[in-house]
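Two forms, one protein chain; structure tokens for each follow separately as structure 1 and structure 2.
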Structure 1
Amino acid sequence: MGTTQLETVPEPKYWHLKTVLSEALDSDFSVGEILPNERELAARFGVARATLRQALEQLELEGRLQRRRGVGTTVAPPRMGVDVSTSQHSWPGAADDAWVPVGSALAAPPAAVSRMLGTPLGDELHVVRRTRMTHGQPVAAELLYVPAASVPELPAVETPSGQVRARTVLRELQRLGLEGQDRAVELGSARADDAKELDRLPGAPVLVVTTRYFAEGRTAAVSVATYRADTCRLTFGDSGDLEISHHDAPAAHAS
């Protein structure tokens, strides 16, 4: 291990701060413990509050910290594994899969969803809102888009328009023979309504899971589920008990 590096790269302060804080979290704090407030931490490290906040934001993004306005900053528990495996060949709302129907209404979907469903842009369809709970905490908010053609038996009149109607739409869906589904995951930021559902601020980072359900030779429904990125690790397969601490642990670097 030769003394390789010159002084070439001045590391940003917030980056160094993040490292220091991360190590402090490992050694001096336990889960749930609250940290000193931002003004004091900034003073203690001799930086501006904005700089300190940049470090805290990174740590929150990595799921190490949890910050709540009016309360404080606490050490977050390890991320929970949330199973999103696609193996189960069943419609949403079938065996009750930890999702709780919240409501339903007729509305026009975003353009991207229209495209996937092959419905004319601006066409209204059933939109079912559901929430996924794990350990008593909301971890995901979902919008399920169901074209009227997929639930032909459903009365066209829109009377209940609430939780009751949501259950009705889901029940009607089960009639269709599910032929397959596929899934995509990407990073997004929470819309205001999803953020509220997830107990986060608007713009919070989320993992967006888009699922297409196939039946009768076409895309019969589309689900857009937003998972809290700070608290969730999405698992595919039987890796639910995987325990990953943090990706930024001291790493082995291959040349």
Structure 2
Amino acid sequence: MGTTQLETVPEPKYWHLKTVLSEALDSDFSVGEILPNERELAARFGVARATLRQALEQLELEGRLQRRRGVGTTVAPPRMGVDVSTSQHSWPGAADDAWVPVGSALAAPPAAVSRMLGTPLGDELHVVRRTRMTHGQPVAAELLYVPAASVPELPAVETPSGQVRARTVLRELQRLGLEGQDRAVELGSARADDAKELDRLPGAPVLVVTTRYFAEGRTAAVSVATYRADTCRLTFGDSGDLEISHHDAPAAHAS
């Protein structure tokens, strides 16, 4: 990246700097490469560090940069497409599923999930935790809530928790005939547990996608997936049947 002095321009200086930096990211850096420190960058472009920070923050919001704790500011990979249409017709854990099971446990779901499933408040059900990675980095975490009625033949003698149990729950769930699904997207802020799992700071923007799976005339399972907003983009397929809302603390998200 060569030395570039910014001339007086009618637009905000940080915005012009953001454009210059964006072009440099395309030509001079590769995905995952660490940027020089703020002092060096500010000197190269002849701007105050406050102006530089504004430009870097904007590039982070646009998904061009990632600030990683203990590493620094790196060039972000291309955003991963998140299909939020309902054109897909498969259970979680299908052969083409990109999610990786992490574990499973019996636990009471949040009240909002109980209402969607039609189960009594406080009743325990199977909670499968899964994660999704790209370029070696976590981009999403999911909690899949499965009532016992949806997996009636689940062996009780197997390991009660862990990755093996998670795969068993997913396998048994696929015995049901999937009748349909719907999705809702919430724009929110990362809670402490989300931030830790997704390598983000608390309060970072996230997309929360809630999916209901229908079988035998009822809601058979509910998925609450939290995506890093800086690494993901929504795709709508051909259906376009999507509900979008905004909440600082998504009601259906488990702690």
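For numbering, take structure 1's sequence and count from 1. Take the two forms, find the largest set of C-alpha atoms that superpose within 1.5 Å, and that set is the rigid core. Because the structure is a prediction, the values reported are computed rather than measured.
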Identity of the form predicted alone among structures 1 and 2: 2
Post core alignment: T134 C-alpha displaced by 2 Å or more between structures 1 and 2: yes
Rigid core superposed: G72 CA moves 2 Å or more between structures 1 and 2: yes
Displaced residue check between structures 1 and 2: E186, CA, 2 Å or over, core reference: no
Rigid-core-fitted C-alpha displacement of P36 between structures 1 and 2 (angstrom): 6.8
